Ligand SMILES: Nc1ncnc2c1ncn2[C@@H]1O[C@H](COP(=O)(O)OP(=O)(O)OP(=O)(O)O)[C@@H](O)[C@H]1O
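Take a look at this one chain, the form predicted alone, written out in structure tokens.
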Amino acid sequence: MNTSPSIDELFEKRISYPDFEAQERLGQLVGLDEQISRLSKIIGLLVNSKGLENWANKYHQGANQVISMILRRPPLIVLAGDVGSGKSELAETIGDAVARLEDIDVSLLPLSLSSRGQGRVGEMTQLISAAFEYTVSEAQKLKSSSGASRGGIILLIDEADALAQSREAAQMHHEDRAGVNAFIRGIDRIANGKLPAAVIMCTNRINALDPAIKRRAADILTFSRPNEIQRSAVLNSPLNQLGFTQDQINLLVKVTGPIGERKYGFTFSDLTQRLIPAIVLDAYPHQAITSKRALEVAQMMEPTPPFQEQIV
């Protein structure tokens, strides 16, 4: 591959924040308040270190060592967990929360799935290197001598285990190893340059990630299937709008959790993208939705099976 890949080849799209659509999508991620708060703060510190310094000057003057320790953390956050747990949706929308928290413009660069390449020697390494080169170039434009960022960049890598799997795997091709090395160099380059940029990796297979990449993570946020409280939070508002009583909603919450021999419940996406639409479509267009029929629809629906990670 002799020519550098174009921006369209590297990234699926470029999204700028603040953005009202992203804000609305983020607000619909009920039950993930802890992850949203934690992730927005971590990225906020990575893309705008001046905010932490201002906070320290106000509340903890002289805590320079503490501030330095926090700001030296690598610009990488890993979102790990089961399928349908909200990782990708959070990663795609968190930029809005960061932009509003830090009062700066934030750009999201989602690495395209085509960056896995077509198997030609050196292609994946070149694509990964080019993606980081563009991220660094854009972040350098936003860095200021005062320490206050003029904006921030988030590089998003979904299904990260396909690009950054462990080099310890016996079956790993040498080109894949070179791609992982390029990825690590990119992370280190952002960190060493103290650039207003962060990298988010999403994976269903945390144990498949290379140990060196996991060591470089400023944080690893874990995601699981919604518990009863979280399922209630997801279902309450839409079912209230359909006229369901609280007791009727509680029954649906119950049957969408682990039940009988099924040891796992519905995922967040099962609830919002499958169950609610299925209940509506079952009644549309000739009858009203009833709680009895909605319960039957839920009982007939099989939740997405948990991802079975195979460790080689």
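No experiment lies behind these values; they were computed from the predicted model shown. Throughout, we count residues from 1 along the sequence that is shown.
In what follows, reference is made to the form predicted in complex with the ligand, a form of this protein that is not presented.
Student: In the model of the complex, is there a heavy atom of the ligand that lies within 4.5 Å of any heavy atom of residue 252, even though the partner is absent here?
Tutor: Taking the distances in the model of the complex, the answer for residue 252 is no, it never comes within 4.5 Å of the ligand.
Student: Find out whether any non-hydrogen atom of residue 210 is located within 4.5 angstroms of the ligand in the model of the complex, and reply yes or no.
Tutor: Residue 210: no, not in contact with the ligand in the model of the complex.
Student: Hey, in the model of the complex, does residue 234 get a heavy atom within 4.5 angstroms of the ligand?
Tutor: Heavy-atom contact with the ligand at 4.5 Å: present for residue 234.
Student: Is there a heavy atom of residue 83 no more than 4.5 Å from a heavy atom of the ligand in the model of the complex?
Tutor: Yes.
Student: Tell me, out of 42, 67, 29, 276, which residue has a non-hydrogen atom within 4.5 angstroms of the ligand in the model of the complex.
Tutor: Selected residue: 29.
Student: Taking the ligand in the model of the complex as the reference, which of 133, 159, 188, 105 has a non-hydrogen atom within 4.5 Å?
Tutor: Result of the distance check: 159.
Student: Residues in which of 45-53, 30-38, 281-289, 244-252 have heavy atoms within 4.5 Å of the ligand in the model of the complex?
Tutor: After filtering at 4.5 Å, what remains is 30-38.
Student: Taking only heavy atoms into account, state which residues of 262-276 are within 4.5 Å of the ligand in the model of the complex, ordered by sequence.
Tutor: Heavy-atom contacts within 4.5 Å come from 268, 269, 272, 273.
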